[in-house]
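Only one chain is shown below, in structure tokens, and it's the form predicted on its own.
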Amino acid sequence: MEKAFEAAISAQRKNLGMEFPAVIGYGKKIGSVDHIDSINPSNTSEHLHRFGAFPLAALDEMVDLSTKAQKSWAAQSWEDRITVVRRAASIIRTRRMELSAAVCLEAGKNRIESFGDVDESADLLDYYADQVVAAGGHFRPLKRLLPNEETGSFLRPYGVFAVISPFNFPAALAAGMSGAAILGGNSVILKPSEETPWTGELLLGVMRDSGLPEGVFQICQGRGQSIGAALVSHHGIAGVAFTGSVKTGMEIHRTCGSGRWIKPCLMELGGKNGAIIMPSANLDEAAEGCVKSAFGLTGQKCSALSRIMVHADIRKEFTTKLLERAATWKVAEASAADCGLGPVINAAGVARNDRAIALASTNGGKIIYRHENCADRLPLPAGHYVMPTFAELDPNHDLMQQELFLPFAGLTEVRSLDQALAILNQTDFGLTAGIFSRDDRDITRFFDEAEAGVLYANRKTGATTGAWPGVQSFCGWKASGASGKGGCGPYYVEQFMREQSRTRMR
């Protein structure tokens, strides 16, 4: 597999510098006055490809095509729709190396994380297809009042969904949100992150080659504040699925409620995730799980661990083990075989890290680990690299409340589970949380009282990260979500549909 991946990276690098025009459907070229460049964050001198930014003036035509395509797509049987989406999943698996290499180069994910992104995109499509099968096409018979009355509840598509996906899972989240909408009988216009346009373009090719009718899935490259905002507010868009920041999500939500009627708005909006370490915990497993969740994908996960509440009785021993494991992670160019942490996505992430480091020593805070002291950090190419950091912080410190999207976590000492749970819930976010304890009473209380949608106990593979389709639902509470039902879970597809009751007299 390693040789195959390196061959795929080499093959992709031989074909860099391509220009992809803005298109409607699968190939109608639209002239652009602006463009989006895909740049390797591991080595910013490496320009990958250029993409035409979709012009606002052509948006009506794109939405019109999606509207027409959706009507015929919805008229097909749900069995036929499933066949096409499963074929797309199969194509993704066939192109696994090609897609993973692109994700690695464009998003700065190491090879394991790149494989995971691509594999998850295929698994999401299949899992969501399974939901439609289990629901029998989303029809349920209802009771009757009269003997000659037939009644039933149908879930029907809304129409055209705008899907706005982030850079950190450019394959999985784009495919998952889009696939669920398509399986529900909707059409989709995908606006990928401007940081990862290449992966979005490759997904367009997958959907085209799966036999999905033209117009059911289209791609709209561009910046969020221009084409993204125009797409959300367009009168022909029936609903929005978005993963990204709280600020942007709240703006989208307001837009979806400001028209002639309220548009459905499915959102996952990040987290400030915490882990509790109790005296009975296996400290080796706790340290391993915390480092993996704090440093994986260079901290650029909505589920990344950024707060650790460690009991005073084991604080010193746990901290020693935590820092020992942290030192084994190597910062390197993302495609390198020994890369543990690659770069952050852009210069704004580096600047945000610099501010966090400066702020960490204020208000009683203290940095206890920075990876830059490790000899293995060099040499690095000219990329967006930051060094992972742990700091001892008061629970009210600004850095314990702000979502950083960095390999940065704060440690706070606690003296009871009551105090730990209070600190854990002391945030507007509510995405993931973890606990390490061998006491079942601790775990029961944690499950009952933690204000987050994704909970883990004693998970050394990731204290707060690692949800997988059909294994862990990924639902954000409070500021971390909007619908109360998350991706990767059993209720996701039906959120892209609306109920219609039908009564027929015989």
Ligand code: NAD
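So that there is no doubt, residue numbering starts at 1 and follows the sequence shown. Predicted model, so just to flag it, every value in this text is computed and none were measured.
The same protein also exists as the form predicted together with this ligand; that form is not shown, yet it is the one meant from here on.
**Q** Within 4.5 Å of this ligand in the predicted bound form: all of Ile164, Gly271 and Glu403, by heavy atom?
**A** Each of the three qualifies.
**Q** Counting non-hydrogen atoms within 4.5 angstroms of this ligand in the predicted bound form, say which of Thr427, Gln218, Asn186, Asn168 makes the cut.
**A** Going through each option in turn, the one that passes is Asn168.
**Q** Would you kindly say which of His384, Lys191, Arg307, Arg111 lies with a heavy atom within 4.5 Å of this ligand in the predicted bound form?
**A** Selected option: Lys191.
**Q** Looking at 391 to 399, 205 to 213, 274 to 282, 250 to 258, which lies within 4.5 angstroms of this ligand in the predicted bound form, counting heavy atoms?
**A** Of the options, only 250 to 258 has residues within 4.5 Å of the partner.
**Q** Using 4.5 Å between non-hydrogen atoms, is Gly224 touching this ligand in the predicted bound form?
**A** Gly224: contacts this ligand in the predicted bound form.
**Q** Even though the partner isn't displayed, in the predicted bound form is Phe474 close enough to this ligand, meaning a heavy atom within 4.5 Å?
**A** Yes, Phe474 is a contact residue.
**Q** May I ask you to state whether Ala229 is within 4.5 Å of this ligand in the predicted bound form, using heavy atom distances?
**A** Looking in the predicted bound form, residue contacts with this ligand include Ala229, since a heavy atom lies within 4.5 Å.
**Q** So in the predicted bound form, is this ligand close enough to Leu431 to count as touching (4.5 Å, heavy atoms)?
**A** Result yes; Leu431 sits at the interface with this ligand in the predicted bound form.
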